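Listed next as structure tokens is one chain, alone, in the form predicted alone.
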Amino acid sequence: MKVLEHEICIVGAGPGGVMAALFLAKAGIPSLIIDQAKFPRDKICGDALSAKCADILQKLNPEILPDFKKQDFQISSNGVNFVAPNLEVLRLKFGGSGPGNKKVGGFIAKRFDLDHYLFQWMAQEPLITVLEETPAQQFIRTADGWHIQTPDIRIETKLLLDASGAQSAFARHHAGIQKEEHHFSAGLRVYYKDVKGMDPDNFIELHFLKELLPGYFWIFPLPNGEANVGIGVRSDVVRKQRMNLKTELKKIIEEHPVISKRFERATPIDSVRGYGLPLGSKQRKLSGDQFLLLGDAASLIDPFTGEGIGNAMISGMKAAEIILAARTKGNYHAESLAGYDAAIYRRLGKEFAISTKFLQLVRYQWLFNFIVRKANRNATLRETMGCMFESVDLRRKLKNPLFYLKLLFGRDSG
């Protein structure tokens, strides 16, 4: 059997793994990246990219974002419509959409296209060795690092970056990440064409229907009159309420008094597919002796918004920064990599905490109706909710007690 030796091996060529490889290459550090699939390939997802993604791409290479914006597989998304159980709509505009504001908002693109686009940028980099159709079947700890067994080769590496997604075998068996229903969500996705009433500014839609709380139904616009349609509900709620998500999705599309009218002439263009979302509502150990967890493998999905792509990209960038520092120490032991956990939760922890609080609130219809009504009249609350979808650092604001006083007791204002 062929043996490959690489100092750094990345398992998984989604956004987190690709960003890690590209940021390492930018620092002059070579890496090997393997993936079980051959690109392009589908990835079940909501397909929404927040402004975080644009920020990371700008930091990586200023040429990528302008080129990405020219691609016909993506559209700009300028905000989000929250629909409360009582059907009141809260319209939140992203910061980049205002007149004269140069800040970039979000985008929507099928993962089939997005991941292939990023993969092609990565494939041009001479410091990155790429192996497609190479599934990691077994991970064996060694004195010098890890042996990664694949069908045809054995990879010997000093540092393993696991970016293999929500079903990561490495995260379960070697990093101690276990599925916990309270911190895991089940989702369904189906693509439709010709859904009526799509937002003229390509706002994504989150419908907090009473039968799904604390989960929601979504409609995300896509190019060519298509839309990503789906539902996401926390796994413990699915079990306790004995929900059949396919039945619920079908019922909403065909019977909901408002939503069904929008689907009267719409056509599904693929089958309903399910996926799991490990939520960031609990902080976990993301590093250890000679390994780092990235993206969904690290449970970095926002508990409220469901965002995973931007957080995965952040984890790839932060991983590269930690690796660069660890290399100067001459080893990848746990203590040399521990700064990764701190960096991730310093960047995302506050967002996850406030999202977890909102997720707890929306269990109660009356309370979520109140929040939407209040946000429509209170600029502070509206800004806070908008921050969940943008690359905005909440830490300074959250440390200020006046923020909470204004939020709870401040006068309503447009």
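Quick caveat: nothing in here was measured; it's all calculated off a predicted structure. The first residue of the shown sequence is 1; numbering continues from there.
Heads up, the form predicted together with a small molecule isn't pictured, but that's what we're talking about next.
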Residue (of Tyr117, Trp218, Phe82, Tyr191) lying close to the small molecule in the predicted complex, criterion heavy atoms within 4.5 Å: Trp218
Partner-contacting position among Gly288, Gly339, Pro268, Gly276 - heavy atom within 4.5 Å of the small molecule in the predicted complex: Gly276
Answer range among 22-30, 346-354, 47-55, 369-377 for contact with the small molecule, defined in the predicted complex as heavy atoms within 4.5 Å: 47-55
Complete contact of Lys93, Gly106 and Glu205 with the small molecule in the predicted complex (any heavy atom, 4.5 Å): no
Touches the small molecule in the predicted complex: Ala312 (any heavy atom, 4.5 Å): yes
Proximity of Gly306 to the small molecule in the predicted complex, heavy atoms at 4.5 Å: yes
Any non-hydrogen atom of Gln36 within 4.5 angstroms of the small molecule in the predicted complex: yes
Proximity of Ile301 to the small molecule in the predicted complex, heavy atoms at 4.5 Å: yes
